[in-house]
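The chain below stands alone and is given in structure tokens; this is the form predicted alone.
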């Protein structure tokens, strides 16, 4: 259990605090409700670009990292399709340093043509190295584009093409900043051995003076229901052929999410998962296999993927994966199988709660979902999943009409 208190400042900033009496560190996390899904189709990659720009300094602090380091702290950030997250850990008696820095760059970011040009080059090079010139680099991008037709999840966080970042103007970037980096679009979460009222007072001191900006955001396009199977085959200079099958599933907050997550662990939860035992060890069809759920705020994906052995044909591999999905529906997991994956989730949750940064991050994320109390209810929801729920999830999700299959073939 993570005890917490929550408050919303007059300018719309949500503040969630947790007193961790065991840690000598403070974790300050600020989450902005902006990710790749908030971008325009002709200007993708902006959320990720901004993650970089936010470390380029403000008018008050030209070097953002130096004050953090002087306070014996550490900081970083990440962007995904749903949100952007910035976090700082430092000694608890220096927590105010992090709050002052985060409040400063919420409204005082110094975006110059020179800084923008530098970060554009960095992001474009990252795009080329990780997605265009890396073996299997474009695989996830192709799968997204196959599974989604209109929703912004059809592109990765890095964007659709480096040309969008290359063409970004200073005025476009400044408009993106004004639109998304503001109090009412942010969640500040803190975990430290500090009195809760003290943490609220510090948040009020540094963030309350920031005026919010009224911004009208266009609605995201809803992905239409998928009614027929989709398929794509590509050939690349890679060591081995891979097969991926994606199925449409619900949101992170849907009642069936925990069931889907457990199903992914039943299939690919380590060496004892069904896919590894049956398709790697016993039948020797795949070199590696995996199953995972994307856990997105909007309807997401359940993905199966595997790397074929040279002796395995694409037809054999595909038939084997579909066979395991059918087997899970008709041959429900044993008590032992189900208990094992539930124990794994519970252990990971409890272990994560020992880390002050994990707690701050999770408080921000669960607040983002609109159900903050889920942070303390979720283990019970996993525990309540039974065989009937698993069979129902398999029947409703693993249907050919809801599938998108990508065969990523090794060139001969």
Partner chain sequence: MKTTDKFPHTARQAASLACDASLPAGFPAASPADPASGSPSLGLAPAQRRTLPNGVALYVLAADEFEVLRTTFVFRAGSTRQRVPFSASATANLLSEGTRDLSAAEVAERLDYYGSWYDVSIDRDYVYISFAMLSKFARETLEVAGQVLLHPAFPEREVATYCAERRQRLAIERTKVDVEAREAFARALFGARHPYGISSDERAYDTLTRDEIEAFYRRWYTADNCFVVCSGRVGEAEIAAVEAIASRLVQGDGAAAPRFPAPATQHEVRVAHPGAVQSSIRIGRLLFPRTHPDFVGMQVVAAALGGYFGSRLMQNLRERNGYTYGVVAAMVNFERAGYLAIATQVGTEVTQAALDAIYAEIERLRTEPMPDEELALVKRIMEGEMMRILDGPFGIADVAIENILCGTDNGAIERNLAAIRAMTPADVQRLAARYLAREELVTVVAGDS
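This structure is a prediction, so every number in the text was calculated from the model and none was measured. Positions refer to the first chain, counted from 1.
Beyond what is shown, the protein has a form predicted together with its partner chain; the following relates to that form.
Colleague: Examine residue 181 and determine whether its closest non-hydrogen atom to its partner chain in the model of the complex is within 4.5 angstroms.
Modeller: No, no contact at 4.5 Å.
Colleague: Please check if residue 295 has a heavy atom lying within 4.5 Å of any heavy atom of its partner chain in the model of the complex.
Modeller: Yes.
Colleague: With the cut-off set at 4.5 Å between non-hydrogen atoms, does residue 324 touch its partner chain in the model of the complex?
Modeller: Residue 324: no, not in contact with its partner chain in the model of the complex.
Colleague: Does its partner chain get within 4.5 angstroms of any non-hydrogen atom of residue 102 in the model of the complex?
Modeller: So residue 102 does not count as contacting its partner chain.
Colleague: Which one, 108, 209, 270, 255, lies within 4.5 Å of its partner chain in the model of the complex by heavy atoms?
Modeller: If I apply the 4.5 Å criterion carefully, the residue I get is 270.
Colleague: So which of 174, 228, 197, 93 reaches within 4.5 angstroms of its partner chain in the model of the complex, heavy atom to heavy atom?
Modeller: Contact residue from the list: 93.
Colleague: Kindly confirm or deny that 330, 369 and 375 each have some heavy atom within 4.5 angstroms of its partner chain in the model of the complex.
Modeller: No, none of the three is in contact.
Colleague: Going by heavy atoms within 4.5 Å, which of 200-208, 165-173, 215-223, 239-247 lines up against its partner chain in the model of the complex?
Modeller: Correct option: 239-247.
Colleague: Within 4.5 Å of its partner chain in the model of the complex, counting any non-hydrogen atom, which residues from 393-412 show up?
Modeller: The one in contact is 412.
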